[in-house]
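Next up is one chain by itself, shown in structure tokens, the form predicted on its own.
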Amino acid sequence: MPKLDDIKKVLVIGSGPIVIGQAAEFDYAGTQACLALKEEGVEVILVNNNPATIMTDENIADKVYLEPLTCDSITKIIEKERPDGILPTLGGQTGLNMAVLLDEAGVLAKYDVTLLGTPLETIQKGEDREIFKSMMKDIGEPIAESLSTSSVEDAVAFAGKVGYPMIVRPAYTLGGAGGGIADDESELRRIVKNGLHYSPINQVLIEQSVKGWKEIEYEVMRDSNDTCIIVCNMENFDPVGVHTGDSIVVAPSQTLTDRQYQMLRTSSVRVIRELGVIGGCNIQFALNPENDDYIIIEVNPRVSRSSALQR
């Protein structure tokens, strides 16, 4: 796709300070983005309040703001710098959430800032569990039986119909924060209550467990001309039930047959096109180790910690 000649100055949102228990590969992805933009002659403005990363080195961006990653703070930076575009998808979940807040506050429209890469609508489709579930059903992609809810009692009632164990996934969170696997009602109540607290939109997805299945990830990229490529696929050393951040990820996958690889590749391209992602995307699958059955666990309409390592 051709270069956007009207984009002369870009604001890049970083992932913020390192949190104990979370990886920091987002900083590497963001650093490469800044260097790539500068190579194209674009002026790069970076906001990232993490002085411990190479990303905030004075040679990486033209201007660096070590300011809080809040809507008010970034609004002031936009008002001062007047960037032509904003790039949030290299800042992990933090950057993604900030793009949503800035748009909802009318900041991007007020200062005529173009959201680069994946459209806001696509971000919302990928992050809102109920919308995503509906979209996957529309294109015939398998997903676990599930319920999106903001109620602990609704979650308990659903589990009573489907059976335990149940997986809890809060919406708009990073690294599984607030989620978990519940083996009984007491655990479910505790995890759902915690998940609702962590979710910015007070929503969790309750779904049937596929614990023990293989966990496979595909890194996919798509441009605005609808050209899609698979950057790589990866296989978690541990099965579903052990979070990616607590496991070892092997790239490329080692135990998939060619049939399984192509099956999940086709699914990945279908999903990224349906969502309308422009840029990088991480798609997570659960694959039954006994046959070719699979479900889509989730899609991150941004770079993930694992995709950052593939750049």
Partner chain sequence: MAGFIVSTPSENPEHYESKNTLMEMLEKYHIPALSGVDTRALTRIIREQGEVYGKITDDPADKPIHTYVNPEIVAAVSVKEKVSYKTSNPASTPAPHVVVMDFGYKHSIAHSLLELGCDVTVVPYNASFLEIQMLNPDGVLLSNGPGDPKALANLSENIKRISESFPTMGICLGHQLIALAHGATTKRLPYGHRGSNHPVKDIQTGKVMITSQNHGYVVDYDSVNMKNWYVSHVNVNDKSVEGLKHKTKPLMSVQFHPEAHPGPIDTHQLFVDFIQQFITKGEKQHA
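Positions refer to the first chain, counted from 1. Just so it is clear, the model here is predicted, and its values are computed rather than measured.
The form predicted together with its partner chain is left out here; the points below concern that form.
In the predicted complex, every residue of the candidate spot (262, 265 and 289) has a heavy atom lying within 4.5 Å of its partner chain. Taking a 4.5 Å heavy atom cutoff to its partner chain in the predicted complex, the contact residue among 257, 70, 59, 247 is 257. Here is the short version: of 112, 79, 183, 226, the single residue with a heavy atom within 4.5 Å of its partner chain in the predicted complex is 226. Contact between residue 214 and its partner chain in the predicted complex is found at the 4.5 Å heavy atom cutoff. Judged by heavy atoms within 4.5 Å of its partner chain in the predicted complex, the contact stretch among the candidates 190 to 198, 227 to 235, 162 to 170, 139 to 147 is 227 to 235. With contact defined as any non-hydrogen atom lying within 4.5 angstroms of its partner chain in the predicted complex, the stretch 30 to 66 contains no contacting residue.
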